[in-house]
Ligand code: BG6
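To begin, one chain is listed below as structure tokens, in the form predicted alone.
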Amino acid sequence: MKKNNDNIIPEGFFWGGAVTSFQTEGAWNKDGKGPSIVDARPVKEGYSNWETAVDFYHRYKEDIALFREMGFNAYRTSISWSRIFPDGEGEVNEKGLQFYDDLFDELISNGIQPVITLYHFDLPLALAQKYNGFASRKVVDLFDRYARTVFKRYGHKVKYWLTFNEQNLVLTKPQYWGVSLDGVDHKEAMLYQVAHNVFVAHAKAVKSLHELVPGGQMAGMVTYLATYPNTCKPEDVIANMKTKELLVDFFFDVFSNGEYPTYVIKDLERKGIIPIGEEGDAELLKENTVDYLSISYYQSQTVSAEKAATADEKGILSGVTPNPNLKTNEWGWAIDPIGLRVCLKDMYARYRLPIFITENGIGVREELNDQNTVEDDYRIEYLSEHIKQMKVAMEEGVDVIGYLTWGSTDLISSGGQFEKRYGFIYVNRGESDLRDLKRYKKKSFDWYKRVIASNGEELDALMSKSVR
């Protein structure tokens, strides 16, 4: 990409927003869609279900017109596997395929590049019930069939793809991959077996994309929790290093290098829990590395060796503890823009691959004011400071190709909360009261429009200077 005069951000840089199908579309049982594991989740008291979400399924043209007004040139969403194959493995659902054809056409006609995630925690329910999700190699093969189906259908419309959203959560939230650990004697062994199966599924999708879509670009994606030693004690430094290795580096190493790193192999050998593979797995991983790397970034934490030693059955997150030097949002997530720069610099130094920031944002409880808007200066400040740190990392040589905020409109959080609002566009509904679902522009709408129009030059003059 070509740089614009003195602006470190090049022409063609991707600006936009990111969502998932299940958190926005609604229409959970319309036009042949089968149930997913999300649809079967128990709904906590006072929370939302995902049946209607923000009704993007029926209102996408209205929303895309607003995205175009903001200046989006990229929009990340996911394809619902159970819209394409209602039970995950039977006949393809043409109405589901047609919906995404229409959606991608609408985005493209408005100058917006679809950036598409194949899997965002919404396995067809039948595959969880029948096979225990990605604990089974059968589901790995079915995922490849699904991936090849959508590559053939949409490969001429979609260039940028991601296999699994936040793939590193497989070790901490296996339920997102349709896996139950009930009755499993050695849970850690099962976690790494599922992780291996998902790596194989990822590599199969990379292979299929490169075979079927000339010029197609595939990413491996993690949620990057920046971590620091809790103190300058060497014990905390090592504890932090080990946490980062298993939480982040492990996945990027496999995505980029095509093999398990030695620090993982030695640990699994010592514990006697090497995952069971199939012939050809090693070659598959080695020959199908990614084209770029993708992250979600929201917060940072510290790691305490003492806490890790005393924690009980919390695995790789056992030593993680809040950083007392940082402010948090109302959900306790630390606000750390410099942490984004730390992540970007470390990633690029290790892997030398383009980086796409495909999620960054802040959730806040919000209501419309008398002018039918939201004065969300806190969101402007949060995003502005993160973009500033991204730009500093780019000045230091990091190749960043895009920045997508989490949410465009408000949406239902992955935990089922609608009042945790992320968007530039307020959607008029509550947790259970759907109201009229009307869209209203927040103050940040016009701010982000100016950011995009200036290619990241016009941020907020009231913000403090970036740390250099």
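The first residue of the sequence shown is number 1, and the count goes up from there. The shown structure was predicted, so the numbers you read here are calculated from the model rather than taken from an experiment.
As for the form predicted together with the ligand, it is not shown, yet the points below apply to it.
For Y298, a non-hydrogen atom is located within 4.5 Å of the ligand in the model of the complex, even though that partner is not displayed. Among residues of the shown chain, Q23 is one whose heavy atoms approach the ligand to within 4.5 Å in the model of the complex.
At the 4.5 Å threshold, heavy atoms of E359 reach the ligand in the model of the complex. Contact annotation: N165 falls within 4.5 Å of the ligand in the model of the complex, judged by heavy atom distances. Judged by heavy atoms within 4.5 Å of the ligand in the model of the complex, the contact stretch among the candidates 29 to 37, 395 to 403, 414 to 422, 65 to 73 is 414 to 422. Just one of K204, K388, H120, H196 comes within 4.5 Å of the ligand in the model of the complex, counting any heavy atom, and that one is H120. Think of it this way: in the model of the complex, the ligand has a heavy atom of just one of Y154, Y228, W333, Y263 within 4.5 Å, and the residue is W333.
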